[in-house]
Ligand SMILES: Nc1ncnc2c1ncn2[C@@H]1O[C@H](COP(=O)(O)OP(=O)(O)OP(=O)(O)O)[C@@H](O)[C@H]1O
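First, one chain by itself in structure tokens, the form predicted alone.
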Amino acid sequence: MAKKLKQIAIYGKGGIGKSTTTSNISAALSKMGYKVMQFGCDPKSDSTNTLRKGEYIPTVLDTLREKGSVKANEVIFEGFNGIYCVEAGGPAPGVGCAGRGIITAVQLFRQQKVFEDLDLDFIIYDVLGDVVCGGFAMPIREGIAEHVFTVSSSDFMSVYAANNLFKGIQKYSNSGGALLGGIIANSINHQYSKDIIDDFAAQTKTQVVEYVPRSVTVTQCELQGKTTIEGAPDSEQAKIYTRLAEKIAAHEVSHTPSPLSTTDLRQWASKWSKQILAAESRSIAGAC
């Protein structure tokens, strides 16, 4: 029996650590013996940098503009531990839809039967969390990915982006769209951050898959152009990324989330702001 390809989309607000998380998941899965492709869907085209010692690779759209046509072997590059690296790319600055690279690249690879020929176990799509753009919504809308995970910190704008993603998943859930696997809570170094994310997950009827702390180890490795899995394999941070990858590999059942309305999200955030302020006041009073 042929093995089943598992396609995962990881979304997140720009700058939240989405690509860092995605690359470490890919690296950890490869170390577990899986054949992995990381598919960068951010127009910045930097998703796969730490899988290739900091090296940028030609994107699908850039190659298409330069040559007029693209063969898969021109835009697939080998990264750490045999991971296949692809960057969809974006339009020229100020021109066109930033999600066009995803649409073009996926259609190209389907036509050339790339996924079947490479006999992959996992494709990890690294997608910018702005699902307002049709291109960025494509992995959800067309069910390209089976399971969606979002990287979010406890900061409001990160939670806001995650809630918007949930709205997109909910919208397409009845027409074969991808469903939500859960939240990857990033930069969680304080109890209040964990409590905020836990409550947001409860309010939207989803789950937190893993808590990932902010760590200088990640910074040190990325300055060397490496993932934490490659650069500091024995570190506590690498163990956390490996545990996350194991959970994603084992994940089978995703669900439709229940996003909050804009008004309810604002009220929820205001409640947490008051709770944090009250806790800080008690802490200051206790220190006096």
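Just so we're clear, the structure is a prediction, and the values are computed from it rather than from any experiment. All residue numbers are counted from 1 along the displayed sequence.
There is another form of this protein, the form predicted in complex with the named molecule, and it is not shown here; the text below is about that form.
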**Request:** Indicate whether the named molecule has at least one heavy atom within 4.5 Å of a heavy atom of Gln237 in the model of the complex.
**Result:** yes
**Prompt:** Should Thr219 be classed as touching the named molecule in the model of the complex when contacts are defined as heavy atoms within 4.5 Å?
**Reply:** yes
**Request:** May I ask you to state whether Ala9 is within 4.5 Å of the named molecule in the model of the complex, using heavy atom distances?
**Result:** no
**Prompt:** For Arg214, is any heavy atom within 4.5 Å of the named molecule in the model of the complex, or not?
**Reply:** yes
**Asked** Looking at 256 to 264, 54 to 62, 25 to 33, 39 to 47, which one sits within 4.5 Å of the named molecule in the model of the complex if you count heavy atoms only?
**Response** 39 to 47
**Complete:** Those residues of 19 to 41 with a non-hydrogen atom no more than 4.5 Å from the named molecule in the model of the complex are Ser19, Thr20
